[in-house]
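Take a look at this single chain in structure tokens; it is the form predicted alone.
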Amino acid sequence: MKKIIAITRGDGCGPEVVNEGIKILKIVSEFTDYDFEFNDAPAGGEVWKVFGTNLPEKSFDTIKKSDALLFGAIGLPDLPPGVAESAIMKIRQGLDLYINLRPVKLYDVLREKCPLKSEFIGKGIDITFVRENTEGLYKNIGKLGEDSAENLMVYSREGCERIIKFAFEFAKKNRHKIVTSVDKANILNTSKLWRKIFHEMSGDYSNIETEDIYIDAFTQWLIRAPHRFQTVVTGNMFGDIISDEGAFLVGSLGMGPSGNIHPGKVSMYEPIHGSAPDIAGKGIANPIGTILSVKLMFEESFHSSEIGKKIDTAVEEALLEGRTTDIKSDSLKTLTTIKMGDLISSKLKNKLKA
């Protein structure tokens, strides 16, 4: 089964973690009928320094001709904000990647790394944030002046309907009992439309419970009782904020994967952490966010939940033996980026051979 994967290694620690994601793909190829072709699609700050653009046309053409994109973190401290990072927005908008999928799962072996007391963790944390990814404030409609600036938040019925439908279908597929919608409908007209459409569409999913929570209330409930949430659907800016908040609850931002998805089309998979140039080249970056992004790639782009589950289990088993410095344990080996990737790959290899 031939699949073409575009590779954007990015800046800072991006190349280091992406290499470990590629390692997982090569293991899958070795023990299954998948056959991967990897094509480089450079983007980000270092690319901007050379070409004067953070996403060369050749790179974008490579991405568009691929089955999926594995993307490393981008951004450099010696460049103005957005010079490198806006490449992500170009890809999201250019490919209409309207779904941003961010799972937040606290592995039992990492419970001690959660900053919350055990009474707040409860039965555990396993939330999937479904974030609208192409409309709202991040579409960057507006202007910047000397004494004032503006951004226009626009949501269309079509944009709301397709992301909310995906959230319900995702919950149905994963046997989630409740879908939580996060908005600010007591203030914002966009949220009033969002909430109206959410309730209209909920009628097609009578076996799934629904609830509405204002964004400010949700941020504290995510701390007080994260165990009560399963599928959470929300808009672009709200989703960006609460998914990052949620990611820290599982021990480290280095654990966080994401998918920028358009079902049936080229989709982009990336860790949620930044380029972390201060640790680049030190071999201490956590590759698990990237490896779990590869897991999402198999589940969402290649429709292989079986391989996704094996990657997930391999990660959990590896965490019982060793960890990178951000989630280190006094009783376990502290591993480099490469050694962490090697350990997970070894666990995965055993599962695929079985």
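All values reported here derive from a predicted model rather than from experimental measurement. From 1 onward, residues are counted along the sequence shown.
The same protein has a further form, the form predicted together with 3-isopropylmalic acid, not shown here; the description that follows concerns it.
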Heavy atom to heavy atom, is Y269 within 4.5 Å of 3-isopropylmalic acid in the model of the complex? no
For I88, is any heavy atom within 4.5 Å of 3-isopropylmalic acid in the model of the complex, or not? yes
Could you confirm whether F168 comes within 4.5 Å of 3-isopropylmalic acid in the model of the complex, counting heavy atoms only? no
Answer for R92 alone: is it within 4.5 Å of 3-isopropylmalic acid in the model of the complex, judged on heavy atom distances? yes
Partner absent here, but in the model of the complex, which of 131 to 139, 187 to 195, 156 to 164, 279 to 287 has residues with a heavy atom within 4.5 Å of 3-isopropylmalic acid? 131 to 139
Of the residues spanning 213 to 252, the ones with some heavy atom within 4.5 Å of 3-isopropylmalic acid in the model of the complex are D240
